[in-house]
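Below you will find one chain, with nothing else, as structure tokens; this is the form predicted alone, and questions on how it binds or moves follow later.
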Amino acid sequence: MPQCPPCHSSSSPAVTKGLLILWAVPSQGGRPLPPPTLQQIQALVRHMAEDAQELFTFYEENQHLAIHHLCRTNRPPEWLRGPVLGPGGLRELRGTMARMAQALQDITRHQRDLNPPGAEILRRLASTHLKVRGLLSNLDGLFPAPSPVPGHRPPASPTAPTKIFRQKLAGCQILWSYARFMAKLSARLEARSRREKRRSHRGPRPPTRS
């Protein structure tokens, strides 16, 4: 079965958590925060990739879905395919994260019906939702959104299955697809960063003689 690529973090959890809290706040004292750098986006995505894999692993075991790898689908939702990092790739990522934030809300709502307040699964879902909102805040800082068109509404989240098992399975498959998406995104951002560093170290090419 396909496995989520391993992710490695070079930043401490405490520092990353502090940056997440800062980046998730749109303004301080009435003054807008400066937009994040691409390096900050990369660090946040790396951290989110690790978190996504941990959440999926916990959810799969907690919901007793590990048997036969039921959750590890090769057919992710259309909006979780990719990621594509061509021109405007990070800009397009904003729509994916908005959909993921909604999906996490739906999964959390299902789990609230099955677990007492303060359950570990609810805490983990809330933590991941905070990180997704943090990345959305970062992307909004990099790419300010145009004024909304009157009457425009975001795409509706998929209709939730009616049976409890199907709800659990649908949520687990989304978390698996999300973990794979973030692992690929992190790897591609790391590769792009290495290419840019190599280009900067080489410096400008000398002019050719005629």
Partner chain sequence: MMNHFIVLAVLLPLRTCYTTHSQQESTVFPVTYLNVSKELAFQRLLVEWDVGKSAHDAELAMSFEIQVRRTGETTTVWTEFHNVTLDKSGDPLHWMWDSDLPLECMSHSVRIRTKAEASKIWSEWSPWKTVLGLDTLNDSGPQIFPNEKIVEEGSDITLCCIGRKGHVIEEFSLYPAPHVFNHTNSQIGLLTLKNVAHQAVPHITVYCRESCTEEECYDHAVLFVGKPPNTPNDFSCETQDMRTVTCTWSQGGDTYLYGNHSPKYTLSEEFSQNPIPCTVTCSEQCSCSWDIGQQRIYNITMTVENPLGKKTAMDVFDVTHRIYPAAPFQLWEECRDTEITLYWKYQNKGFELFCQTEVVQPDGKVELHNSSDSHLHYASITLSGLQPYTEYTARVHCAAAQHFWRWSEWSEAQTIRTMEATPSGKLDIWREITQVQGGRNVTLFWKQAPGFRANGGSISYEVTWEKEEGGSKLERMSFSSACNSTRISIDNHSYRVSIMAKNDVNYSLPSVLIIPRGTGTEEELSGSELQEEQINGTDDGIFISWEPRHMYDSYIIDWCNFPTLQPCDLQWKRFRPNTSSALINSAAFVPGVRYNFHIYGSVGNRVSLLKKKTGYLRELPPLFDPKVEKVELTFNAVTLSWDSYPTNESQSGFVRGYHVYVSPIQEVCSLQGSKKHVLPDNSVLCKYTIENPEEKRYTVEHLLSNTKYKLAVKAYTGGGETPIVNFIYIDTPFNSNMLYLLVLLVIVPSLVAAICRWKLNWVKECCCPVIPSPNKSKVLSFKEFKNGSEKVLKISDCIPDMLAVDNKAETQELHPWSQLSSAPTEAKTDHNSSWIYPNENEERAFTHTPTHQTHTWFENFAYSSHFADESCPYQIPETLETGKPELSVVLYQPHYYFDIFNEDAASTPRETPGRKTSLRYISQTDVHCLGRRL
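The model shown is predicted, which means the values in this text are computed figures rather than measured ones. Numbering follows the first chain given and starts at 1.
This next part talks about the form predicted in complex with the partner chain, which is not shown.
Chemist: Just one of 170, 70, 43, 55 has a heavy atom within 4.5 Å of the partner chain in the predicted bound form. Which one?
Modeler: Of 170, 70, 43, 55, the residue with a heavy atom within 4.5 Å of the partner chain in the predicted bound form is 70.
Chemist: Hey, in the predicted bound form, is residue 142 touching the partner chain, heavy atoms inside 4.5 Å?
Modeler: Residue-level check for residue 142: no, no contact with the partner chain.
Chemist: Should residue 126 be counted as a contact of the partner chain in the predicted bound form, where contact means heavy atoms within 4.5 Å?
Modeler: Outside the cut-off, so no.
Chemist: Hey, in the predicted bound form, does residue 164 get a heavy atom within 4.5 angstroms of the partner chain?
Modeler: Residue 164: yes, in contact with the partner chain in the predicted bound form.
Chemist: Is it the case that residue 115, even though its partner is missing from this view, gets within 4.5 Å of the partner chain in the predicted bound form, heavy atoms only?
Modeler: Residue 115 belongs to the contact set for the partner chain.
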